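Okay, so here's just one chain, in structure tokens, the form predicted on its own.
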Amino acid sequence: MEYCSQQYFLGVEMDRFEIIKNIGQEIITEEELRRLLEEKKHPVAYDGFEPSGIAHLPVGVYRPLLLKDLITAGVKVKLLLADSFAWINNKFGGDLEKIRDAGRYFIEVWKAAGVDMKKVKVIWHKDFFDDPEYWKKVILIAKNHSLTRTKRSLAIAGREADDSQPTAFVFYPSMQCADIFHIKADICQLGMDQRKVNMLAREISGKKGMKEQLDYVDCGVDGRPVIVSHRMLMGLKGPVKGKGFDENSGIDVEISSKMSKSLPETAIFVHDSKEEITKKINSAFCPMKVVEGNPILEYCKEIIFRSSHELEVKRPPKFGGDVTFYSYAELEKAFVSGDLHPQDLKIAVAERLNELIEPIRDHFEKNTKAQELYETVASYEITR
């Protein structure tokens, strides 16, 4: 199907540049993205995941919304299930088959979340290990940047740059950088915690003769990938002290505060019941009239108004009665003014998040194959 420049996004006519811009907290660069979309009707974007654990809100709800936005914009999406990276990180004790079970479970989550998997190409990273051309790219990249730069990029592995790490982690940035070129991605669509390695890819491809050696001449813009970095959804407890993942203090706090599966009390999972979701949201950090560092408002902006035109807040008549917000800006204004109380907002957000999670939860309850995968991966989590 030929792709036209104007599309309807949540009922509003938007061009595909605007749809993709709506995904990115940071785009490097907007000018290059415009040019890419002018030159290619169906550019390739890649996103990568280490298969491990049970899917939470960022992986099971937020990421599918972003993937659907990209598909709406006519982008060909390649999902890299980074099983070999999970193996390097010793997920599930380094058992590759268990890691692959987690990858298959992720695929079921995305299906249940409404991603048209026929329009998505799933790639298993372990397949790259048998390809000498991939390792050639890894070595070329490693030869063209310093060990200091590698250590600075280790935030992509969720690791702080200290000398106690296994030597295997040192390969991580060069490998992920090579993925971009090996996949021939025009767009790197990953979280803000991945921006350093994406910037490394741009710099490497800009060196004399490198785009030819990496077989990347016709990709991106002039042989450089365009970076579309989305937000890291905050955990329920709000912002925490930065851990040194990024020199930019704001980005450091964002990465450090992201919703983590390893801290289940601060995360919402796609298998949580309505009661569990409500309990977690009710206990979440949401100071009155405060926008910055407020996870509840962030979920409204990044999830609720990305998936719907509106959010209805039900209130007793003595507190102003029911009110419907038709944009995030409208909702934020009411919250900052004090017209919208945090508790009323929390009740509405819990209800809406449950509506988004319910189809995923139902899929795993009613589909035998999916249920078995979930139970298998859940058992790995308990015994790891």
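Only a predicted model underlies this, so the values are computations on that prediction, with no experimental measurement involved. In case it trips you up, residue 1 is the first one in the sequence shown, and so on.
Quick note: we don't show the form predicted together with the RNA, though the next part is all about it.
A.B. asks: Would you mind picking out the stretch of 94-102, 276-284, 118-126, 220-228 that comes within 4.5 angstroms of the RNA in the predicted bound form, counting non-hydrogen atoms?
C.D. replies: Within 4.5 Å of the partner lies stretch 276-284.
A.B. asks: Tell me, out of D344, E30, E358, E26, which residue has a non-hydrogen atom within 4.5 angstroms of the RNA in the predicted bound form.
C.D. replies: Result of the distance check: D344.
A.B. asks: Work out which of K111, K76, K237, K211 lies within 4.5 Å of the RNA in the predicted bound form, going by heavy atoms.
C.D. replies: So the residue touching the RNA in the predicted bound form, by this definition, is K237.
A.B. asks: Quick check on F319: any heavy atom within 4.5 Å of the RNA in the predicted bound form?
C.D. replies: Result yes; F319 sits at the interface with the RNA in the predicted bound form.
A.B. asks: Is E310 one of the residues lying within 4.5 Å of the RNA in the predicted bound form, judged by heavy atom distances?
C.D. replies: E310: no, not in contact with the RNA in the predicted bound form.
A.B. asks: Is the gap between M288 and the RNA in the predicted bound form 4.5 Å or less for some heavy atom pair?
C.D. replies: Contact with the RNA, yes.
A.B. asks: Would D131 sit within 4.5 Å of the RNA in the predicted bound form, counting heavy atoms only?
C.D. replies: D131: no, not in contact with the RNA in the predicted bound form.
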